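What follows is one chain in structure tokens, specifically the form predicted on its own.
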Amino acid sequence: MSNNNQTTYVKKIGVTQWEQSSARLDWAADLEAGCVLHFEALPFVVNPSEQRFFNAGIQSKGARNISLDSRGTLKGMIAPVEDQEALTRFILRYRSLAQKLVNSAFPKYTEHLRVAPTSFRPNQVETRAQSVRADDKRLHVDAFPTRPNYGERILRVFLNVNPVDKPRVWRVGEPFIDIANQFVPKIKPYSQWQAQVLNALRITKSLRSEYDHLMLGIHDGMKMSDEYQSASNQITYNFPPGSVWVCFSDQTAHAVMAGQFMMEQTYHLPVTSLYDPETSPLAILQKLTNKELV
């Protein structure tokens, strides 16, 4: 494992307010280059009555996390109605703050930003059992076998709310261009008829594009390679309780190694809404393959 300078991978930011007074083009440049932005001092107060939610037993068996969708429907929680209503308010408070941060710091994103479900993740990472392809303890970039996105960006805002001073431990990996150069030549050629079959059988929610085919191949290639997991350029980084961090998870190689009790907000964003669309995985892969991929 390489002992790279951490600032190449993670940028520490010391602001103390979620809402920024003006656009932060410096943050946007780092974010769109694949860095993780680590906000060390953004306030999030957990009320005494909310301490009861720090219990992994409140999550439904088989649920990946507890989530609140855009309509305010809570999923994945086992609890009386009054507890579900209280947790909904807890999650909504975080959603509102994450929205303030993104809207104020990156106003160019705002017009076309799609808000995905907000999650509360009470489970302990270290004891989670998953298949190799699903194991988020292995370095990867996000790509999903059933949900083609045609190059749309995946922006995520995280918050460690652990009550007992336990960090969220990540590995953060090398730039996307270096990953693509390693794995794209190994991916089998795209087949449109196979994509049509997958769509007709409703295995995918829409027709898988060549871009989505390549991204899924990169994701799987990274996770399936023990050599890549151990020998690629990467750092291990701790996000202490109270930390907020932001990244484009379709571009930033990441793996979560340890921790418990985290909040997460996902956004979807078209490439055209970036400050520099040429930094996107879509642009990088189109240059690498010399073809249109969507």
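Heads up: residue numbers just count along the shown sequence, starting at 1. The structure displayed is predicted, hence computed values, not measured ones.
Unshown form predicted together with succinic acid; subsequent notes refer to it.
- Although the partner is absent from this view, Arg168 contacts succinic acid in the predicted complex, with a non-hydrogen atom inside 4.5 angstroms.
- Using a 4.5 angstroms limit between non-hydrogen atoms, His213 is distant from succinic acid in the predicted complex.
- Using a 4.5 Å cutoff between non-hydrogen atoms, Arg208 does not count as a contact of succinic acid in the predicted complex.
- Although the partner is absent here, His38 sits far enough away that none of its heavy atoms falls within 4.5 Å of succinic acid in the predicted complex.
- The partner is absent here; in the predicted complex, the one residue of Asp220, Asp178, Glu152, Asp142 having a heavy atom within 4.5 Å of succinic acid is Asp142.
- The single contact residue among Leu31, Leu269, Met262, Val244, judged by any heavy atom lying within 4.5 Å of succinic acid in the predicted complex, is Met262.
- The candidate stretches are 50-58, 66-74, 227-235, 248-256, and the one lying within 4.5 Å of succinic acid in the predicted complex by heavy atoms is 248-256.
- No residue in the set Arg24, Lys100 and Glu111 has a non-hydrogen atom no more than 4.5 Å from succinic acid in the predicted complex.
- Taking a 4.5 Å heavy atom cutoff to succinic acid in the predicted complex, the contacting residues in 133-162 are Asp136, His140, Asp142, Arg156, Phe158.
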